[in-house]
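Let's start with one chain on its own, the form predicted alone, as structure tokens.
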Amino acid sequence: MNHYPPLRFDYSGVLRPEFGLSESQIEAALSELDAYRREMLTTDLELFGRGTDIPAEKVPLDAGFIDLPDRLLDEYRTVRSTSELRSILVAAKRIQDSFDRVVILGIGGSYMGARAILESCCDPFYNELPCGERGGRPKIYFAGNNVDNDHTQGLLHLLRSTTISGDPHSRWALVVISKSGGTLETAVALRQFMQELKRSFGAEALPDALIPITGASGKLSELAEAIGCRTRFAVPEGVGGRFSIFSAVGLVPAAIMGADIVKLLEGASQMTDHFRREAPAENLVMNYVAVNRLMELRHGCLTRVLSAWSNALESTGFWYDQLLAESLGKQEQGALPLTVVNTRDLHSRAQQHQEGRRDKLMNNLIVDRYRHDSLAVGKIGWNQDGLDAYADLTLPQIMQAAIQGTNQAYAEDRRPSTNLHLPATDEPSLGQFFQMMMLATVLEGRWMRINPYGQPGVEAYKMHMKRFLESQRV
């Protein structure tokens, strides 16, 4: 397996006397975390493997994400022709060759990872590029993640107005992701977009154009069986929705949009190996957990701001928001996640971060290498803006100055920050990041003595929503 440039975590910005945090305190925390690391890598997986004797406080036990990248890669290398990865790649190629647009229906973990991969690993204006510059891959749209009337109508109108009768190049498909098929937002959208598919291409198009990713049983599984869907994939047992990015849930959309899913998994596998083998002092995952949790306990940093210094990472931040909030927001505990994109949000949220309540830890997510050549400020023949002095400087140089200047401003006002360096916005780097954050979140949950899996609090709104819907039936 390839070895990719690793993520780096610099927490020197919190090692100041006023934060009450020292290297010795971090070392003590790492020693305690080591016991929970061993539990995650042994007890959790053994219990999951047996499927019985699971303590009630650990149900659900969705630890299957930990070794999922390794299992998929091992299968692909040893029995490639029958492996799940090959099936995904073959299906993605069929969809790319057959459809000009793909609508991905899902909510929460069923779409957030795919959107993060699209924005991070594909061109920033992917859907606007001509087909040839997209490598012949379909445009990607997301729906089924809200019950917003105008957004849904807008997308249906777009699909309708760009579908040309008899033109195979205007065909579109649906990828619907739901383990049970019972999630209301996604199920409603599926009905609406299936109606449009039938109207545009006839019911006979559904077996090819509807690609379900679902559980072995449930409403969506039954629908897929009734329709006779040609291509379908399973949501694996033991992998919760927000931990499912390395299953078919994330890999099928990623492969359709042309992302290298093998490299994505290899990056994740590299992070798992690092977490498993590295001593606590050098362990990226453990240090991230120790610093963030200690700053919450000792300095009141109840808000964790993920400052993404790239537009491409905004949806990656939203993916992490869900992961942290649903995993640790229990028993009146858990830090509040907040994603910002800089330098954009330096002109909106930064005032509050710089002079507001001292309840935030700024975790900078920094891209070390950009995909495109560096773009210089340049000259235009006029200098009213006074920028000729910077004409030879590039956007990456300006970004680096903004990062340094912001961190310096925080330090001068005794506001803590850390730097998490992402080698690039590519598949190996994103694979490492996703796996790092999932491992870190579970590790912190164990340290907090809560179950990081499941989201029981979400059920309350669903129950009341159903009751109000029933009252509106005529």
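Everything quoted here is computed from the prediction, not taken from an experiment. Numbers follow the displayed sequence, beginning with 1.
What comes next is about the form predicted in complex with 5-phosphoarabinonic acid (PA5), which is not displayed.
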Out of 101 to 109, 372 to 380, 277 to 285, 126 to 134, where are the residues with a heavy atom within 4.5 Å of 5-phosphoarabinonic acid (PA5) in the predicted bound form?
101 to 109
Could you confirm whether residue 241 comes within 4.5 Å of 5-phosphoarabinonic acid (PA5) in the predicted bound form, counting heavy atoms only?
yes
Taking heavy atoms and a 4.5 Å cut-off, does residue 178 contact 5-phosphoarabinonic acid (PA5) in the predicted bound form?
yes
Would residue 364 show up as a contact with 5-phosphoarabinonic acid (PA5) in the predicted bound form if we use heavy atoms at 4.5 Å?
no
Heavy atom of residue 269 within 4.5 Å of 5-phosphoarabinonic acid (PA5) in the predicted bound form:
no
Could you work out which of 394, 221, 322, 192 is the residue within 4.5 angstroms of 5-phosphoarabinonic acid (PA5) in the predicted bound form, going by heavy atoms?
322
Select from the listed residues 247, 231, 183, 342 the one whose heavy atoms reach within 4.5 Å of 5-phosphoarabinonic acid (PA5) in the predicted bound form.
183
Go through 452 to 467 residue by residue and record those having a heavy atom within 4.5 Å of 5-phosphoarabinonic acid (PA5) in the predicted bound form; state none if no residue qualifies.
455
